[in-house]
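Take a look at this one chain, the form predicted alone, written out in structure tokens.
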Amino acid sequence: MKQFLLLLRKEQLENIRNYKIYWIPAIFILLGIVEPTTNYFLPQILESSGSLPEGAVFEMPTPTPEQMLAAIMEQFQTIGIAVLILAYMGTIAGERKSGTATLLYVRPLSFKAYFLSKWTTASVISLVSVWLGFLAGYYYTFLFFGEVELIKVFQMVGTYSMWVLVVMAFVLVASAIAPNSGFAAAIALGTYLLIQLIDGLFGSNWTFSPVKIPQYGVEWLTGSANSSLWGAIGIAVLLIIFLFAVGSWAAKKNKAKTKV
């Protein structure tokens, strides 16, 4: 426990020094604001850009606030997740390649505490970013499109948070396995897109799939989530534990590849 707390402190300082605690939340807040703002001002933007023929009238249905929050989640699912992967792809692989990991590896080190400290720090920053982004998006959705019960927004974001924890565990496992940051990003992004594709094509009956957690989160906005939500969350927890074991093992196995 003492070693975990020391490593956690190290990770916190590192994330402060490389400004991740600032720019990652800033990107998510921006993503949350852009979607409702762009949709609200879209007719004026098209009109001022001169893209419409003279006399043409541009009409589009006004999205409901629930649809707007769902659209914000789609932005997080694509751009947001890509940002998180790129931000943390070098968490372990980068340390090995730069040689800074030797300062840790020459001492008695619990690789479970090592991996857990990195996952905890990355997850906290990611979750804070996601929550701030959704709250910013909710504020502008409320201003431009109407109100959604705040409790429903909390239920949606709380559910989505579990998916973010799964993604961060996988990103760190990719970083522990890969020889460098670029390869880690390729593994994480490739697998992320692949599982989304497979679930979209063949996963209609896989109701307990953790990939469906974001979809179940959106369902809170219009009523109650799918009854399979808790099963999906249970499998997500087991998946995180499995990824934690794999990541700790891979980090220990590859420590000999650290450049000196």
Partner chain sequence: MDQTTMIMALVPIFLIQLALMIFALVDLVKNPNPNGPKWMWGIVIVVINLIGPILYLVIGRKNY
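From a predicted model like this one, the values you see are computed outputs, not experimental measurements. Positions refer to the first chain, counted from 1.
From this point on, the text means the form predicted together with its partner chain, which you will not see here.
In the predicted complex, which of 122-130, 83-91, 109-117, 161-169 comes within 4.5 Å of its partner chain (heavy atoms)? Among the listed stretches, the partner-contacting one is 83-91.
Whether Tyr22, Ile27 and Leu143 all lie within 4.5 angstroms of its partner chain in the predicted complex by heavy atom: Yes: Tyr22, Ile27 and Leu143 each sit within 4.5 Å of its partner chain in the predicted complex.
Contact between Gln196 and its partner chain in the predicted complex at 4.5 Å, heavy atoms? Contact check for Gln196: no, nothing within 4.5 Å of its partner chain in the predicted complex.
Contact between Gln67 and its partner chain in the predicted complex at 4.5 Å, heavy atoms? Taking the distances in the predicted complex, the answer for Gln67 is no, it never comes within 4.5 Å of its partner chain.
Consider Asn39 of the chain shown here, and say whether it contacts its partner chain in the predicted complex, taking contact as heavy atoms within 4.5 Å. Asn39: no, not in contact with its partner chain in the predicted complex.
Counting only non-hydrogen atoms and a 4.5 angstroms cut-off, does Arg9 reach its partner chain in the predicted complex? No, Arg9 sits far enough from its partner chain in the predicted complex that none of its heavy atoms falls within 4.5 Å.
Listed residue that, although its partner chain is not shown, lies within 4.5 Å of it in the predicted complex (heavy atoms), from Ala225, Ile33, Val211, Ile233: Contact check passes for Ile33.
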